Ligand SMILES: Cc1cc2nc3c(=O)[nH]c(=O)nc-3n(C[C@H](O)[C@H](O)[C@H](O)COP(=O)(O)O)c2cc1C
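To begin, one chain is listed below as structure tokens, in the form predicted alone.
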């Protein structure tokens, strides 16, 4: 049975366009692959803690040498890593905030990028261990950053693609909902285009 990991990273709740399109994509992919399961990690409702001293110390220690606080910090990270490794498909949604991803998505990245679990170092450099997966990025923004002068300010998609590639996931598609701050007509057009692209990607999967 295939598994879809849906990581929703918008802080806008029910008003989030990126979450809406990401869930539509997850539903369409699940419907196409009979028996597939969708596991959702809602980072706004249940945010992962920012990594701190306990986490940074614990990853360098054997389990038996960790303090209770260090063991708890690693257990939180292990849960996120286990979800990622178990998934065949990963969908990540985020709003475009100050030219990058939301801080709650960054915390998720910090927890799942684990040496020895999702990547390792070799004589030839880092090697991703989370291979054989397909990923989709759903990014919502008030302005337009996929083309024109705004492209130089886009640190969201390049960052996520780089992180996923580092972990061994290079098959990545992006859905953008952009220009929604340019008025109701522009927003409606952007949402419709994103919905159609999500349907197209699901059909092509």
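Residue numbers count along the first chain shown, from 1. Since this is a predicted model, take the numbers as computed values, not measurements.
Keep in mind the form predicted together with the ligand is missing from the figure; the text below concerns it.
Residues of just one listed stretch (128-136, 98-106, 114-122, 72-80) have heavy atoms within 4.5 Å of the ligand in the predicted complex: 98-106. Checked against the ligand in the predicted complex, the candidates 168, 142, 47, 150 yield a single residue with a heavy atom inside 4.5 Å, and that residue is 142. Of the listed positions (23, 12, 189, 197), a single one reaches within 4.5 angstroms of the ligand by any non-hydrogen atom in the predicted complex, namely 12. Under a 4.5 angstroms non-hydrogen atom cutoff, the ligand in the predicted complex lacks residue 164 among its neighbouring residues.
Contact annotation for residue 29: none of its heavy atoms lies within 4.5 Å of the ligand in the predicted complex.
Looking at residue 175, you'd find every heavy atom of it more than 4.5 angstroms from the ligand in the predicted complex. Contact check for residue 180: a heavy atom falls within 4.5 Å of the ligand in the predicted complex. Residues 18, 19 are the members of 18-50 with a non-hydrogen atom no more than 4.5 angstroms from the ligand in the predicted complex.
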